[in-house]
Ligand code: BEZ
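Just one chain is shown here, as structure tokens, and it is the form predicted alone.
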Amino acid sequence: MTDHPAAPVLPRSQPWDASAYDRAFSYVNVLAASLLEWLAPRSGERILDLGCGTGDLTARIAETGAVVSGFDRDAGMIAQARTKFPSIPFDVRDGHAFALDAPVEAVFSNAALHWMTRADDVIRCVHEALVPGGRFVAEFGAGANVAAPIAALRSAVTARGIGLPVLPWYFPTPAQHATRLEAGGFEIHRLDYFARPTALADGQTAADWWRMFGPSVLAQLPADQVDDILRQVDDMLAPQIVDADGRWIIDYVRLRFIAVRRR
């Protein structure tokens, strides 16, 4: 079992800062280049990018000639995607509850499924969105993903006598997610589970990571203590995760799969 199990979906304390995401956290898309090779999009086939963010990978898929569209739960992300790529249809949709007018040949998702904590609902929607034999290709955080930032925040919060916040992520083990996919009508064709330590942008620390990716967590803490808690998190983590060049290395762990809808 993972040390930080699935949590209920929580409202974020603020919308995503889509511009900051593109500026300082673009590694999320850059590191997914090889995932597009797993997708292997073909000209003319219909593809949905689920949890598309600001649309960079959606646009990469469109360059192959595929007919692609993107969904994301966050309106700010979708607004940024529409501005950057006006020829691609983007929509604000929840991955837990969506339906398409017509099925697609593939559903693609990068760094988004761990935000969708009701995994069985997501799998059901994807299954219904695909043609028989259609493929579900995705990568997301799993297992001990970002264990160090989580442990440091928990330690800082506990030391202050504050109740532990609920985490907004679904980080399953490979076996847990494979079981869900198979129960949801999919056959797994490939599955990889791997560590991918990832450097933050210059000047970014663990505190910046928490402010970007954990606003709903920070919103559960006393507002007048958040800055001090994050400073303490940085102090605890710096000796562990800052490399010789001064870069903060976050302990990402990823699960990547190709699952095909049974005919």
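Numbering starts at 1 and follows the sequence shown. Values in this document were obtained by computation on a predicted structure and should not be read as measured data.
What comes next is about the form predicted in complex with ligand BEZ, which is not displayed.
Exercise. Where, among 76-84, 123-131, 107-115, 154-162, do residues come within 4.5 Å of ligand BEZ in the predicted bound form by heavy atom distance?
Worked result: So the stretch in question is 107-115.
Exercise. Counting only non-hydrogen atoms and a 4.5 angstroms cut-off, does residue 213 reach ligand BEZ in the predicted bound form?
Worked result: Yes - in the predicted bound form, heavy atoms of residue 213 and ligand BEZ come within 4.5 Å of each other.
Exercise. Is the gap between residue 209 and ligand BEZ in the predicted bound form 4.5 Å or less for some heavy atom pair?
Worked result: Yes.
Exercise. Would residue 186 show up as a contact with ligand BEZ in the predicted bound form if we use heavy atoms at 4.5 Å?
Worked result: Contact check for residue 186: no, nothing within 4.5 Å of ligand BEZ in the predicted bound form.
Exercise. Even though ligand BEZ is not shown here, does residue 141 get within 4.5 Å of it in the predicted bound form, heavy atoms only?
Worked result: The answer is yes: residue 141 has a heavy atom within 4.5 Å of ligand BEZ.
Exercise. So which residues in 232-263, when you check ligand BEZ in the predicted bound form, have a heavy atom no farther than 4.5 Å from it?
Worked result: 252, 254, in sequence order.
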